[in-house]
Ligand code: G3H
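Starting off, we have a lone chain in the form predicted alone, written out as C-alpha cells.
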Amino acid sequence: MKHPNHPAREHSSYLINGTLENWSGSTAAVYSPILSADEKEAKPIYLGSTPDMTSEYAMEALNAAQKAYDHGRGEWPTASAHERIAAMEKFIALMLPKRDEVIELLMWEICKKRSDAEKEFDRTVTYLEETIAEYKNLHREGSHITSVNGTLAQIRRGPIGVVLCLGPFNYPLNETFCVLLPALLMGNTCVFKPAKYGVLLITPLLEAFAESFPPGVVNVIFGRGRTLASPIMQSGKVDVLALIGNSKSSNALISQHPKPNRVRQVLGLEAKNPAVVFSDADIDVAVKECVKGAWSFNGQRCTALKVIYVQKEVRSKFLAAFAKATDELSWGSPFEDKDITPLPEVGKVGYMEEYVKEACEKGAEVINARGGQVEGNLFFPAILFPTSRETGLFREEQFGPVCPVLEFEDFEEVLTDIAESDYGQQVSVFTRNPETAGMCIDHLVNQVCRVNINASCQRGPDALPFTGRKDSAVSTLSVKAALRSFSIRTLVACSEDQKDLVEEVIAGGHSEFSSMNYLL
C-alpha cells in the first residue's frame, strides 16, 4: 500500500478559557489504520499523541464555558450580531491555510480517500459561510415589530447556554463543525471533545479557535469520553448536548444529568437506511446508486444504504449487476484515492467477518466474488443474500462494508420492516412508474424523514433538513435548522400605549435586542 512518510505529531496543547495550555501529563497514542510495510510484522503506523486529560480538566473547561456564558450576561451571549459574525469570519480565514494539513490528517487517521477528504474540508467551509448568511437572515427577521391584538412584540432567537459537543469519527471535521459553529454563532458557549478517531486533525485549528473567540467561549479538551463527558453531564451545568454518534451513548449521557428535562438535545444518531428496488426500476441507475450508497467511505456513514430490498422479478438481474459493479471497486491506500480503504476502528474487520459468518450460517451466501476478502485492515465489501431477519446484519446498523439483500413480492413486507425498525432516517426508492413512486412517497414519509427517488440516501444539499425519527436523530440539522436548534425564541412585548417608550429605546440605540438595525 503506497503512502507518504508521516512525521509523528506529538500534540500537547489544549484550549481552556481562551488560552492554549501545555499538557505534561499522560498521553494517548494515535495510530493510523494503515499498516507498515514491515516484512516481519505489519503494524499500525504511529501518528503521534494527544493529551489524555483527567476529569479535573473537564470541569475546568466546563467552568470556563459557564463563566463566559454567565447566565446569559457574558460578553459573548450579549455580543452584537456584527461581533459574532466578525469572530466567525476570522475563524474561517484562519482555518483556510490549514486545509492541506487537515486533509492529510483525515487520510492518515480515518483513511478517507483524498478526494473525499478534500470535499469534507471544502464543504465545511462552505457550510460555515452559508451559516453566516442564514444568521443574517435570522437577524433581519427579528428586526421588526409586530402588532397582535393590541400587543406590540419583537421576536428574536437567543442562546440557550452551555453546550457539550461530541463529534463523530467518520466526519470528524464536517459533522462536528456543523453543530459546534452554529451553536457558537447563536451566542452559546461550548466544551468540545474531539472523537477518538480523527483527533489529530483538530489540532491545527486550536490557534484559530483561541484567536477568534473571547475567552471561555470555546474550550477544546482531549481524552476519553467517559472520563471527560460523564462528570460534565453529572454537574448539571450543561444546557445542550450536541452529539453525533449513537443512541446508547446519548441516552447514557442524558441519564447522568440531574435535570435531564432541562437539556436541549441535538443528536445525529444511527440509521438503517433501506433501498427498495421495484421490478420497473432502471436497473443501471439502481445499481449505480446502491454501489455509491452502500460502499462510499466503506459504508461508514449514517446515510449509507444498509439493507436492500429487491422485487422478486428483477432480483437475479439486480444482484448480478450489483455484484459485478461492487467487485470492480478498487481497494488500497487513501493517498491513491482508492474506493475502499482501511477501517479505522480497532477490531472492525472482525466485526464485519462475524456479520458475514452469522448470515451465512442462517442461509445467506456472499454474492460477489471478492466479498469478504481481507488484507490487513482492509475488508472488501460483501453482499449477502438471502439474508434472514433473525441476523444481526439485518437488525443492527453495521456501519461498514457489508450489505444484506432481501427479496420481496409484496411491498407490504418492506413497509412492515421499515415501520418496525428502531430507525427512521431515510429511504431510497427505485422505480420508473409514477403510480408506484406516489404510493411509496405516501407510505414512507411518515416512517422516515427523507424519501429519495432513484437516488441514494444522502445529507446534502446542506440547505435541506437533515434529521430522523425514532433512534436516528433528535432535532434537525441543516444550514437553516442548526441555528434554530441551538437557540430559543425570545420576545419583548408591551401594549400599544407604550409605543412612545419603545420608539425611544430603538431610536436611542439603548438596546441590542430591541433594535431595528438591518444586517446586509
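Note that residue numbering begins at 1 and tracks the sequence as displayed. Given the structure is predicted, the values throughout are model-derived calculations rather than measurements.
The same protein also exists as the form predicted in complex with glyceraldehyde-3-phosphate (G3H); that form is not shown, yet it is the one meant from here on.
If you check glyceraldehyde-3-phosphate (G3H) in the model of the complex, you find no heavy atom from any of 267, 270 and 467 within 4.5 Å. Within this chain, residue 458 lines the site of glyceraldehyde-3-phosphate (G3H) in the model of the complex, having a heavy atom no more than 4.5 Å away. The closest non-hydrogen atom of residue 114 lies beyond 4.5 Å of glyceraldehyde-3-phosphate (G3H) in the model of the complex. Within 4.5 Å of any heavy atom of glyceraldehyde-3-phosphate (G3H) in the model of the complex lies no heavy atom of residue 193. Using a 4.5 Å cutoff between non-hydrogen atoms, residue 302 counts as a contact of glyceraldehyde-3-phosphate (G3H) in the model of the complex. Stretch 302-310 is the answer when you ask which of 337-345, 378-386, 302-310, 248-256 has residues with heavy atoms within 4.5 Å of glyceraldehyde-3-phosphate (G3H) in the model of the complex.
Taking 289, 109, 175, 120 one by one, only a single residue has any non-hydrogen atom within 4.5 Å of glyceraldehyde-3-phosphate (G3H) in the model of the complex, and it is 175. This chain appears without its partner; in the model of the complex, the one residue of 368, 203, 170, 421 with a heavy atom within 4.5 Å of glyceraldehyde-3-phosphate (G3H) is 170.
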